[in-house]
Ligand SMILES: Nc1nc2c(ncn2[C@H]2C[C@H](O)[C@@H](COP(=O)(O)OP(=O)(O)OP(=O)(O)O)O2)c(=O)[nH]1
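Below you will find one chain, with nothing else, as structure tokens; this is the form predicted on its own, and questions on how it binds or moves follow later.
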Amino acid sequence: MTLILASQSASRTAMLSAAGVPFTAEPAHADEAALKAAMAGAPPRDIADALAELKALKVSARHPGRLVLGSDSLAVLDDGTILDKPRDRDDARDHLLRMSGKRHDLVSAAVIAENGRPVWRHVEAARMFVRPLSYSFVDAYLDAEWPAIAGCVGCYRIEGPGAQLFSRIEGSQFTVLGMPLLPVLGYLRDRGVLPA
């Protein structure tokens, strides 16, 4: 059985490919903004889980009998503010300065659907400690990374220059990259997609 990844995320695609998972990718084209608006005030873990489920179910409805993986991530500041993907470079600058010298949580959720219903889910978080960032560093960072980080929650690619933003990270690197990969692999082994 081949997995379908309900995403166009380069990071999630790279993770599955590197782990040797047979899969195809198909974007969900889900209305994430509507779901976030409907869940305003809900715990970030619940929102990330609902977004992952929305993507998985949307693609699963088109592919009966197939396993479909949806995944989503949220960056949550200490005050509970959820940072979305930046609207533009100025918004990215604002996000980086708001995170400067502080900790935020990166919550990543994965849901696997089959025949239009969720059959497995997992949510985990990583604690991200951003070092104090100077204005000049932020501007130079954006010169180098914009627009590549336009689709990145938190405005960083940890596998690239984004690593320079942090003094410490607590949690799985895979969670930081946007998907709790090890639990996903465990479920895929249980279902016979991967060898046990």
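Residue indices: 1-based, along the sequence shown. Note that the coordinates shown come from a computational prediction; the quantities given were computed from them, not determined experimentally.
What comes next is about the form predicted together with this ligand, which is not displayed.
With the partner left out here, this ligand still marks one of 131-139, 37-45, 58-66, 147-155 in the predicted complex; by a 4.5 Å heavy atom cut-off that stretch is 147-155. This ligand in the predicted complex comes within 4.5 Å of no heavy atom belonging to Thr2. Looking at Asp143, you'd find every heavy atom of it more than 4.5 angstroms from this ligand in the predicted complex. At the 4.5 Å threshold, heavy atoms of Asp31 stay clear of this ligand in the predicted complex, well away from it. Contact annotation for Glu159: at least one heavy atom lies within 4.5 Å of this ligand in the predicted complex.
Interface residue among Arg98, Arg89, Lys85, His122, judged by heavy atoms within 4.5 Å of this ligand in the predicted complex: Lys85.
Along 62-83, a non-hydrogen atom within 4.5 Å of this ligand in the predicted complex is carried by Ser71, Asp72, Ser73, in order along the sequence.
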